[in-house]
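Listed next as structure tokens is one chain, alone, in the form predicted alone.
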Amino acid sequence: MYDAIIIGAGISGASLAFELAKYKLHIAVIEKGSDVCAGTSRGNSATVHSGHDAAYGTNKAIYNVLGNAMFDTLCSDLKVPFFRNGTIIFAINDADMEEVRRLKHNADLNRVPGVEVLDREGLLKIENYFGPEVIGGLYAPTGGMVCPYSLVIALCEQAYRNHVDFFLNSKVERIQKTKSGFFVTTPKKNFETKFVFNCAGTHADEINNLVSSNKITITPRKGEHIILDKKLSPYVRTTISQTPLNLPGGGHTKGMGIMPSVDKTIILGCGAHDVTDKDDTATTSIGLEEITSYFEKNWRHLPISEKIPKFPRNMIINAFGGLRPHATTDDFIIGESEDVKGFFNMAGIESPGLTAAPAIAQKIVQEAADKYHIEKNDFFVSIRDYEKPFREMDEDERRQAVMNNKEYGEIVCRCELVTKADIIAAIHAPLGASTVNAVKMRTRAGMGRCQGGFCSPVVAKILAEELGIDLTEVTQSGEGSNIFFPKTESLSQRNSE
């Protein structure tokens, strides 16, 4: 029997697993995908929000600011790349400036540190160019960027190292309340547990509604993004967007932004549109055209336009979609259910959920520990044992790595400088990669300009060798996504017989 079951291994479930592991509990994480971070948390802008725009008094506002303050230590301990590049909301007219002043007032109510209203000259001290129509804006210095899937993987790895069990490809079908806790049913295994923590993203309403009479509704809200080649990374340092007035998405979005990622690419996006399919992260021609049309029209305002006057469609290397689990309450739904003792929700964790999740998890776990008298785990290890990848090494470290292990000298992904040794390490790490996409998320193999056109077959071959399986069993992202198939007879061969 487990003490605690966490349903979902996105940023919410990963943060809870990490926090719960600090206590003397037998814990399991159940995830319906083939890997951790297989759902909502994969597809977002990677922004660590300052908290200037979340409505005062909401859970979004409270936990955004608290979570933001945790990122320096958390990412340092977990060896996850993170930087505070600041956020600029620029204005091109008086109506925009009025919105900037409103955001500043809201930031003050939320106690966001360092937020300023700047005139044009003030903005130019931060970014050395803005188009002539830009008259001022808001500057929030605590804004930052992180890789969302790297953070989730690191949290889960560290929870695993602290003896948390993980069960992938395990969709929860039923939850029954029992005298001692809960009975959780999945296709592969059944679980008994004292506590259930619901972190199921766009499906969190379904999980809650299995056990609670206090029904909740989650609407999947799609946002799409475009990725620009890292050759453009020198031109933008700050996360920049226009005031979110009259933008596509019906007021559901913070606005179209240009975001320099921790991996040196540039992310553009996004709109926000309610959809019905809770797992549909596919990009659409309408959604991508929405982004490109906005940036073609407004490119001249941005620092990058000084060097590249027109929106560089030829620099687009990929696009992705993501779903935000929007609750009808328009706020995070967190804490123990009022009518089901031992059942905790972390639901409706949409933007700024990536930023807020570590703080929400900390709060929920502390309240549970206080109420149910759960003892601390004196042996919890917070510092992640992390092997630096080849692409992050300096020249001396690379020479030494190749001398120690010749597989560091075999470059598999030239775009991202990923070696065979990096891929093997990812496969054999805690919660190691077992699919091509899982390798991609851990090493960046396939994320460069060619998008895996050259390296994906080699990655698949290494997976087959290291996992001891046939090449036809290797998948892109779990069951039903096989890449290679057994050789079959051609029609001409059959006819000749």
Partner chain sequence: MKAYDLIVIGGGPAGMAAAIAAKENGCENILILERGPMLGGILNQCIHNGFGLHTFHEELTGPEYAARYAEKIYNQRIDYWLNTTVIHMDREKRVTVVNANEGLQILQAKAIILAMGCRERPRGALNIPGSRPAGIFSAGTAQRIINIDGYMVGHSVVILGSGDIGLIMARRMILDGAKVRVVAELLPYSSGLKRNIVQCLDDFTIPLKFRYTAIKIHGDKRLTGVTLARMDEMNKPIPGTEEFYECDTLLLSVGLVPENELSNDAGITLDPRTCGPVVNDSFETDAEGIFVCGNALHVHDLVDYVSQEAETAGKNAARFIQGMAIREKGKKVTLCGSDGVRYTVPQFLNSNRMDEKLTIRFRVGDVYHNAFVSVYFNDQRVLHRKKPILTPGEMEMIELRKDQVNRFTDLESITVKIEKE
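Residue numbers count along the first chain shown, from 1. Because the structure is a prediction, the values reported are computed rather than measured.
The protein also exists as the form predicted in complex with the partner chain; that form is not presented, and the subsequent description refers to it.
Residues within 4.5 angstroms of the partner chain in the model of the complex, judged by any non-hydrogen atom, belong to 393-401 and to none of the other stretches in 80-88, 255-263, 393-401, 369-377. The candidate spot formed by 272, 303 and 305 is out of contact with the partner chain in the model of the complex: none of the three has a heavy atom within 4.5 Å. In the model of the complex, no heavy atom of residue 134 sits within 4.5 Å of the partner chain.
Put simply, residue 285 is close to the partner chain in the model of the complex: some heavy atom of it is within 4.5 Å. The partner chain in the model of the complex is not approached by residue 25, whose heavy atoms all lie more than 4.5 angstroms from it. Using a 4.5 angstroms threshold between heavy atoms, residue 461 counts as touching the partner chain in the model of the complex. A heavy atom within 4.5 Å of the partner chain in the model of the complex is found for exactly one of 411, 97, 216, 424: 411. Interface residue among 168, 319, 147, 210, judged by heavy atoms within 4.5 Å of the partner chain in the model of the complex: 319.
Contacts between stretch 438-471 and the partner chain, counted in the model of the complex as any heavy atom lying within 4.5 Å, involve 449, 450, 451, 453, 454, 457, 461, 470, 471, listed in sequence order.
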